[in-house]
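Only one chain is given next, in structure tokens, and it is the form predicted on its own.
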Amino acid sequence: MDIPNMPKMMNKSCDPLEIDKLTGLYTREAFLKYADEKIKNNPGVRFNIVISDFVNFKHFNERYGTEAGDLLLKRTGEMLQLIDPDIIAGRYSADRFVTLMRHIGVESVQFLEDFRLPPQAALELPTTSITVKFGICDDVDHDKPVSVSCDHAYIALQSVKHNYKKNVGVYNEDLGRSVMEELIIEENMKNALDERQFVVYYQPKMDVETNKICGAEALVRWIHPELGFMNPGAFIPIFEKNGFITEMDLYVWKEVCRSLDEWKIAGLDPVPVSSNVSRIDFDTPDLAEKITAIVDSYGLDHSLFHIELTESACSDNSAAIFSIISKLHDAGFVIELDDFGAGYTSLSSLSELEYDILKFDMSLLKKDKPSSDKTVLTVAMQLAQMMNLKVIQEGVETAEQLERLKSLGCVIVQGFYYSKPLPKDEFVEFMKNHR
């Protein structure tokens, strides 16, 4: 179907400055100009906006050279001009392209999932192993500037940027809301740290033989003055993605040490507290020295500050990570491996890394079948005992689960059966009542 009043993508009468020299497409500014005109002149026509992006284009340039990278961009530009004579296409940014095309429906654009470079480009380029991601605004709003639809398409693109199973993202209201929430979190995070909005809660670890407290895990909570309590699951993944997790972890470690010092001064004989160290923290220069300096600044025995690592943090068997953990262990810190059984840890890393405690993931307990003597929980307990490692079972919620763990020889547990994570003052009272 021909659409009336459709300016061609390569409008020969347009200003040469509006054409990107490398690709032959419109510049970003020119694209927005002509796309707005096209939408305005066709009020009864539905359109899609599609933004594309090459995965790891920077690495492609580094490996094969900028000439190969330029050729890839040029051939892509030529290909876009051949798709449909009625589309408007532009170079959105360095290696991103944007097109305005007639609406063909989400189902019809799924061909992009299997996008491949044309044969000519495949022959010219040093590799055909190039992945392209696409973001789609499925129905352009005629009452708003096309830049808004481009933003929506870009949000959809970002949603699949790190998803190796999916190459096409389609914008919807839920996705837009999620991105807005992420922006709010990122806009507020540094101020939240300065204003001490992050609060450390403590969940007791209990000795099942004595029903007395023997430790605690430090868990961070964000209490915003306007937004209120924020679930850690909403902000921790964002902090891990943008790198802010390290600043927050440093803050938590200092808060834990401050609390331990206060309890010691008050004569409370504090229990050891474990603090999480994320995978990204290991990229911090002199991490072992920084943790040691924080603990030493409060005159605390290193055994009071447990280092809690997730399975995923150690899954790549990095020599650098092994070295840092060894330094901390040699300095007297107790090393706990969290989420054991969630699926990342290899048996070789258990023997290579100097762990003191295995913290069993709650999934082992939930999937356990007491009637069988060959459950994963049973085997995991036997493995820990063979390696002389202490075990902490997290997620204990019922008396039946507690008795089951006792029968397997598990001595230390953590979970709602005894207590949920508590604010510091409430934890102090709990600690006093369970000594």
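The numbering used is simple: start at 1 and walk along the sequence shown. Here the structure is a predicted model, which means the values were calculated and not measured.
One more form of this protein should be noted, the form predicted together with a small molecule, which is absent from this view; the next part is about it.
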property: The small molecule in the model of the complex: contacting segment from 323-331, 155-163, 220-228, 207-215, heavy atom within 4.5 Å; result: 220-228
property: Non-hydrogen atom contact residue 101 with the small molecule in the model of the complex at 4.5 angstroms; result: no
property: The small molecule contact at residue 203 in the model of the complex, heavy atom, 4.5 Å; result: yes
property: Proximity of residue 39 to the small molecule in the model of the complex, heavy atoms at 4.5 Å; result: no
property: Distance check, residue 76 to the small molecule in the model of the complex, heavy atom within 4.5 Å; result: no
property: Single option in 272, 232, 176, 145 placed near the small molecule in the model of the complex, where near means a heavy atom within 4.5 Å; result: 232
property: Residue (of 397, 62, 29, 403) lying close to the small molecule in the model of the complex, criterion heavy atoms within 4.5 Å; result: 397
